[in-house]
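A single chain, nothing else alongside it, follows as structure tokens in the form predicted alone.
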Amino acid sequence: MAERTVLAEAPNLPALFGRAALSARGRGGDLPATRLARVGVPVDAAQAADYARVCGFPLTDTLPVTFPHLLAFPLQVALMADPAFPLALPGLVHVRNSISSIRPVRASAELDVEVWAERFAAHVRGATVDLCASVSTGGTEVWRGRSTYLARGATAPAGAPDADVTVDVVALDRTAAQWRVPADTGRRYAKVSGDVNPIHLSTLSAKAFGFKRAIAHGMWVQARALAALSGRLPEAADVDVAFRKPLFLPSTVTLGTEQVDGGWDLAVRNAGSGAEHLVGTVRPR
């Protein structure tokens, strides 16, 4: 049976990243059954407004569809930073994200957040794990999230399922928008989200983890693409994206979109090479 631990406050992300780096060696075993939770979490209005500006969402009285991830992420990092977690946090690559926006979440709501890990799976390049989240208000679930992370070179347990990191989209030949992504995008998103993973902050820190330059957070790329569709997204929606090639900073990217089944297929690509950074789907629930 899963052990549920309720935290009185959000974990300190810089401290967690530091602890995870020190305890990266010697990991192994199965996923822990631990669930971490916070209850009655108020939304920080200033953070929500800054997040909307950094990601391109309009300011409204409901939260951007991707915002609840910010409340779940520190709890997920706390799970991954614990020495009992089988995969080392440094070097984990976010390869897929799914969101179910069950209904719009008002910015004034107090939220209950619970996270857990599941689906330790085998991947051709290592192993993946899903970090899941549920967000509720007044006892009713309003948002679910699932982030799939790849640990290159890791080994999944015997009998583990195959990883599922593919999202299929239609041909997206029409360019709906083009953006210049500045060099400081990773630092700006880190400031508002708390995700201070070094691969996003500077060329120097990214090189320590094998990247030639800093790369944009996958969740920023996803949020920026969805923000471009503001006013045209279903109120209750399922969002599913796959993160493909890293988006090195700075870059210029294009957004391709196509209406499909009452929702959208979309792709974010490098404006010069056409390399895909993200492909995804949005469907009404």
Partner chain sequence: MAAPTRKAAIVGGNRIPFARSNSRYARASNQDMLTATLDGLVARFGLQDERLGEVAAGAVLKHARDFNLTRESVLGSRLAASTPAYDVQQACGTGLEAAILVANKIALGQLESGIAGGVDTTSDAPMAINEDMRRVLLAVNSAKTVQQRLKALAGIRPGQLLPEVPRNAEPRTGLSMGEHAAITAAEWEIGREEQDELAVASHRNLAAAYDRGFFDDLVTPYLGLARDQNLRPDSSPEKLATLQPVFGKGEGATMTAGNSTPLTDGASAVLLGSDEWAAAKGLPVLAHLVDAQTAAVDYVHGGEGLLMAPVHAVPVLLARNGLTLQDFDFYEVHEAFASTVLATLKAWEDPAYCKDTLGLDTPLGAIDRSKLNVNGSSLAAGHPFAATGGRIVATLAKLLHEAGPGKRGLISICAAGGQGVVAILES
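Positions refer to the first chain, counted from 1. Keep in mind that this is a model prediction, so the values were computed, not measured.
Here the subject shifts to the form predicted in complex with the partner chain, a form of this protein not shown in this document.
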Which residue, Ala177, Val167, Val196, Ala88, is the contact with the partner chain in the predicted bound form, using a 4.5 Å heavy atom cutoff? Ala177
Proximity to the partner chain in the predicted bound form, single hit among Arg144, Arg103, Arg188, Arg119 (heavy atom within 4.5 Å): Arg188
With the partner left out here, if you bring back the partner chain in the predicted bound form, are Ala228, Arg232 and Leu255 all within 4.5 Å of it by some heavy atom? yes
When the partner chain is placed as it is in the predicted bound form, which of 130-138, 178-186, 201-209, 156-164 ends up with heavy atoms within 4.5 Å of it? 178-186
Should Phe17 be classed as touching the partner chain in the predicted bound form when contacts are defined as heavy atoms within 4.5 Å? no
At the 4.5 Å heavy atom threshold, is Arg53 in contact with the partner chain in the predicted bound form? yes
